[in-house]
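Let's start with one chain on its own, the form predicted alone, as structure tokens.
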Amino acid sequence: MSKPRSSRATKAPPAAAAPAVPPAAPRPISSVHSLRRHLQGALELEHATIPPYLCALYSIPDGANVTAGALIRSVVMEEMLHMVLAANLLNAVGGTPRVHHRKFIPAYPTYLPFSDQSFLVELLPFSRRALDTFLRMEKPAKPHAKPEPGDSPTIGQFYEAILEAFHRLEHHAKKRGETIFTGPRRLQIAGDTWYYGGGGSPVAVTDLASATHAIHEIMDQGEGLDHGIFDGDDQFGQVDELAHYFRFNEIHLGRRYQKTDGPTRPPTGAELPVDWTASYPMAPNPKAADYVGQPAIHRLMVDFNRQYTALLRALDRAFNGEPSALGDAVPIMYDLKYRAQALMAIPSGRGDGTTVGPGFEFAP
């Protein structure tokens, strides 16, 4: 007599997990069209860093954290220069810079354009949390890190890919008796047409040598010349300053760098006093829509956004044949500071002790 079968169903062996499909590698910059797209992306990338830096700067009350505020302001000024340099590079290869449109302004929190999306960038008041993000944004690439045209771990590797593409595409064009530098010279913003008050200066891009110079200006100011802590501006008869990462690290660690310090060691100079409590407690990532129920605040938020959009409109004009429009941007920048500080002094009404802040949203 046979044994009765068990009433319990026999479990099937677990199915083998499907092998993970690695993400597709970013496409190389293989054409002038692709180069233009990446240079427009560089404009968007440089711009995406500015509102977070401005929020931290504007949240510092007058008279507080003077040195830290000056360091942040110096970085903001150089990011504005980087936007000009990116526009010059794009114009040089026959592209059209576009900064005055809704998609140009990211909705914070956001990932940096062309990044590996390993961290989010937020609009925050001056704080340790904000500085931690700034250090991640400006993190230097490791020595011999490969160029990355997309999904890049660092801004420097993204620009290395752009620099490599300039050299490769121009080399191939020369073989055909051509050049990739087909843009009108009149669209270039040069140092003799604009002084912005920061380190470095605009570079008119007309050939491979000037394109290389412009890209190195951006990279060296951000993460240091030859993997050092300084930006190398003394090569061009200007004051040698710390690269952005190391300026932020001074604030983060509360100590200044000396000439003898290196990138892998903490600074050993004088103490840099920082009062982390001396800032307006702005609610993170403010949006005008958050205050529709508070009409007075909502109106101030919208007015700020309209002025910021006017600033982008002035930059768009400057990058597309009206360099004098950069002069229109200066008073708008001052006006934005006062509007932002006024917003930061207003309680948000959330019941958590936070205040309102600027949203940096598109408002035509």
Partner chain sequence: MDHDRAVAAHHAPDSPLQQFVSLSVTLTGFDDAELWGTGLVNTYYALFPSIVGDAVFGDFMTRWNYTHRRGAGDASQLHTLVRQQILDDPDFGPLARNLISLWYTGQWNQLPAAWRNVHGAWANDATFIVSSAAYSEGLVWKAIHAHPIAAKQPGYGSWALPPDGEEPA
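Residue numbers count along the first chain shown, from 1. Keep in mind the model is a prediction, meaning the values are calculated, not measured.
Separately, the form predicted together with its partner chain exists; it is not shown, and the next lines address it.
Quiz item: Within 4.5 Å of its partner chain in the predicted complex: all of Gly150, Ala161 and Lys174, by heavy atom?
Solution: Negative, none of the three is within 4.5 Å.
Self-check item: Heavy atom within 4.5 Å of its partner chain in the predicted complex - the one residue of Ala325, Ile50, Val32, Leu300 that qualifies
Solution: Looking at Ala325, Ile50, Val32, Leu300 one by one, just Leu300 meets the 4.5 Å heavy-atom criterion.
Practice problem: Name the stretch: of 275-283, 201-209, 115-123, 98-106, exactly one has residues whose heavy atoms fall within 4.5 Å of its partner chain in the predicted complex. | Solution: Partner-contacting stretch among the options: 275-283.
Quiz item: Should Arg339 be classed as touching its partner chain in the predicted complex when contacts are defined as heavy atoms within 4.5 Å?
Solution: Heavy-atom contact with its partner chain at 4.5 Å: present for Arg339.
Quiz item: Do Pro331 and its partner chain come within 4.5 Å of each other in the predicted complex, heavy atoms counted?
Solution: Result yes; Pro331 sits at the interface with its partner chain in the predicted complex.
Quiz item: Any chance Ala70 has a heavy atom within 4.5 Å of its partner chain in the predicted complex?
Solution: Ala70: no, not in contact with its partner chain in the predicted complex.
Quiz item: Does any heavy atom of Val66 come within 4.5 Å of a heavy atom of its partner chain in the predicted complex?
Solution: Val66 lies outside the contact set for its partner chain.
Quiz item: Does anything in 342-360 come within 4.5 Å of its partner chain in the predicted complex by heavy atoms, and if so which residues, in order?
Solution: Result: Ala342, Ala345, Ile346, Pro347, Gly349, Arg350, Gly351, Asp352, Gly353, Thr354, Thr355.
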